[in-house]
Ligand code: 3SL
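Have a look below at one chain only, the form predicted alone, in C-alpha cells format.
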C-alpha cells in the first residue's frame, strides 16, 4: 500500500526525504488558494519565488507580479494574495510571478521531490483523484506561518488523508492527528478556525471574505503542477 505523510511545518522538511514522493504543498490562507483560483480563471503559468526582489524583477520580463508579506500586498507589485484578485477574465493568459510569506517558501523547500502539486480545499477532489492514480508515496507539506504550525493547513491535510484512507496508509502519526482534527472541524470549519492565529491576523487587516472562500470544498477542477520551475496545469 502507498503511504501518505504530513509535514506540519516547512521547518521540519529535513526529516522527510522527498526524492521519491509526490509533494502536495498547501497554504490555505491564502497562497495555494490563490494559485488554484488563478488557474481556474485561465492564468497561463505561475512562477513561485521565495525571494521578494527576484520576483519583482520578473516585471521586466512581462510578468504580472504578485507579492505578499505578513498578509499585506507589497508595494510595487501588481497583485497581492487575495483569491478575489484572480477571479475574472482579466487574468486569462497571464504569466504571474508570485511570492508570499509562507506558501512560496514551502514550495522552495519541497524542490527535489519526484513531483510537486498545489493543493487547497478549492481543488481537494482533484488532488485526491490524482494521488489515487499516482504510483508515488505522498507528503503533504503545510506552509504554516513563519515556521510555526497552523490549523487551516493541517485541516486540509486531514481532509486529504480522510479521503484517501482506504488506499494510502499513514506513514507516521502526523496524518492520523490531522485526520482526527479534520473530523472534529469538518461540519463548521469557519467556526472552528475563528480563534486561529492567522484568521485573527486577517481579521485585523479587514480581510473576512477570503477565509470563507478559501474553505469552500471542490470549487474548481484544476491541478497545478510544478515543472521546470513554473506551475502549470498538468
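Keep in mind that this is a model prediction, so the values were computed, not measured. Positions refer to the first chain, counted from 1.
There is another form of the same protein, the form predicted in complex with the named molecule; it is not shown, and what comes next is about it.
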{"query": "Listed residue (64, 176, 50, 202) with a non-hydrogen atom within 4.5 angstroms of the named molecule in the predicted complex", "finding": "202"}
{"query": "Residue (of 134, 125, 87, 101) lying close to the named molecule in the predicted complex, criterion heavy atoms within 4.5 Å", "finding": "101"}
{"query": "Interface stretch in the predicted complex with the named molecule - options 68-76, 157-165, 134-142, 115-123, non-hydrogen atom within 4.5 Å", "finding": "68-76"}
{"query": "Contact label in the predicted complex: residue 46 to the named molecule, heavy atom within 4.5 Å", "finding": "no"}
{"query": "4.5 Å heavy atom contact, residue 29 and the named molecule in the predicted complex", "finding": "yes"}
